[in-house]
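You are given structure tokens for the same protein chain in two forms, set apart as structure 1 and structure 2.
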Structure 1
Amino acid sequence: MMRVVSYILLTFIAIVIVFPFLWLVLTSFKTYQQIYSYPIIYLPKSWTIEHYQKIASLDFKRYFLNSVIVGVGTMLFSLVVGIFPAYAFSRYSFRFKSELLVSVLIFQMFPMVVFLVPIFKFLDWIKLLDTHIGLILAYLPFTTPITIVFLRSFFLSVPKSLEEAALIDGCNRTRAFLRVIFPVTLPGIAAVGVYAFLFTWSELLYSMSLLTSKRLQTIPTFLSVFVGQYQTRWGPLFAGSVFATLPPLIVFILLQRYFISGLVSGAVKE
């Protein structure tokens, strides 16, 4: 009985939640006449791909590629900087450990907007303003702490006895890590990397402020150009939005187990 009610309520909530996104997809297949029709047309009368063609003709590929470059760069740097501290936090006790852990947690609470001007000036000073590597650097203070929190929880879930066995077998610390811990937690490490990637994929504020050359800009900036103060070009905007959302959506659905366990680790355990 309870279960039936749950299913009914969940179905209702699912419809309400999915509707805005469904509406976005539907609108992207309507001609402008149908988009601006009164009364509203719910299902497109004749499906059109003109907005998708328009997007393709505006060199959407380049923005997509730029997003991939920035995303992969941020992913690699966050992992390289984050993986060893995360391991140390999960295995050793050392001086300033709790202070450093607190700093990791605090950094997650920093509003990105407050660092915008200092980062802008800093990148300008080291001549990395308006470059991909500069943007990647600007993301690191925000992605690395998340990476550390996630990775630490994955490392903690590996029993210490596994490495101890490897150590007894004559492996040194590094080899024990590479041979034992790394393979076991590889899916988790990959998922954390993807999480950092998706963070940059969605990020609007820094990408639109720090990359001013058109040929370097990323997808969110590209989309924001269609949002005018007086007029918004909904058709191409929505076609681009659908393109932009599909990759993260697929990845999120496939990796949800890892993302969720990493995300909630800070809140539920400990």
Structure 2
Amino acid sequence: MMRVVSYILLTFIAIVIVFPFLWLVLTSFKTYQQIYSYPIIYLPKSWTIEHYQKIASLDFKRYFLNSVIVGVGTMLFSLVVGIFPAYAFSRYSFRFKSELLVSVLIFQMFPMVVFLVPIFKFLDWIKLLDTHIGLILAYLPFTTPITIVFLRSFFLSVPKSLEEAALIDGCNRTRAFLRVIFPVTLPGIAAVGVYAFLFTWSELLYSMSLLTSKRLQTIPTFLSVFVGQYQTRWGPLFAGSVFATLPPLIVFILLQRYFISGLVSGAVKE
């Protein structure tokens, strides 16, 4: 009996979760008359691809590619920058270790808008304003702290005896990390990478403020064009949102095993 109740409850939760995405897809194929009709039309009576043709005529693929570049770049940079401090925090003892770890998290206490003007001026000073690499660097202060804290937990979950055995067998610290620690903590690294990618993919404020050239802007900036003060063009907005939802969904499906196991392996107590 409890199993039946569990299945019914899980089915209901699944429907609630899937419904917004299903509504997004169905609405993207409706005509404007059906979108604004009352009572609400749930299934399109006549299917149309005019909204997809509209975003295609606005060179949507360029914005899509820009988002991929920025998302993947931020993910890789966050992992490269954060993995070594995280390993040091998990394996070594040094002065002010706790204070430094806390200072890493203090940055997360402030809203992103607080740092927008200083980051804007800094990127302008180093001539990286209105570039993808500049936007990636602007995201690092917000993704790297979480990367360090999460990866530290993953490294703590690996027994030191594995690393000590590698050192006894003749490996140095670098080879022991690459051959022993890195493969074991790969699920955790994948989980942190997914977080950094998803954070970047949906961010609007910095991408709109730091990328002024239309050819460099990302999907959130593109979709914001359809939201006006007096009218929202729901058709192209939903059509673009369908494509914007696919990469995070695909990334999560492909890395789901690593993501879930990474979250579990990181849940350790020091």
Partner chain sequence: MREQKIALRMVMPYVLIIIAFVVLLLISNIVMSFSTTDGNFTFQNYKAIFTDNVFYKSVFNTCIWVLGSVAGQILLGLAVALLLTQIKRGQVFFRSIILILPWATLDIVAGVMWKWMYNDMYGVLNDILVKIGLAKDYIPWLATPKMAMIAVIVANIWKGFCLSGMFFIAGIQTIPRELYEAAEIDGANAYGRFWNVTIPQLKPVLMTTLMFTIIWTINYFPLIYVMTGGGPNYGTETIVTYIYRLSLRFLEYNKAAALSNILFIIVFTIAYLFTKKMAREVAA
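Structure 1's sequence is the ruler for residue numbers, which start at 1. Heads up, when I say rigid core I mean the largest set of C-alphas that superpose within 1.5 Å between the two forms. Predicted, not measured: the structure shown is a model, and the values here were computed from it.
One chain, two forms displayed separately, with the form predicted on its own being the second of them, structure 2.
L237 is not among the residues whose C-alpha shifts by 2 Å or more between structures 1 and 2 once the rigid core is aligned; its shift stays under 2 Å.
After superposition on the rigid core, the Cα of I69 moves by less than 2 Å between structures 1 and 2. With the core held fixed, L223 shows a CA shift below 2 Å between structures 1 and 2. In the core-superposed comparison between structures 1 and 2, the CA atom of V16 travels 4.8 Å.
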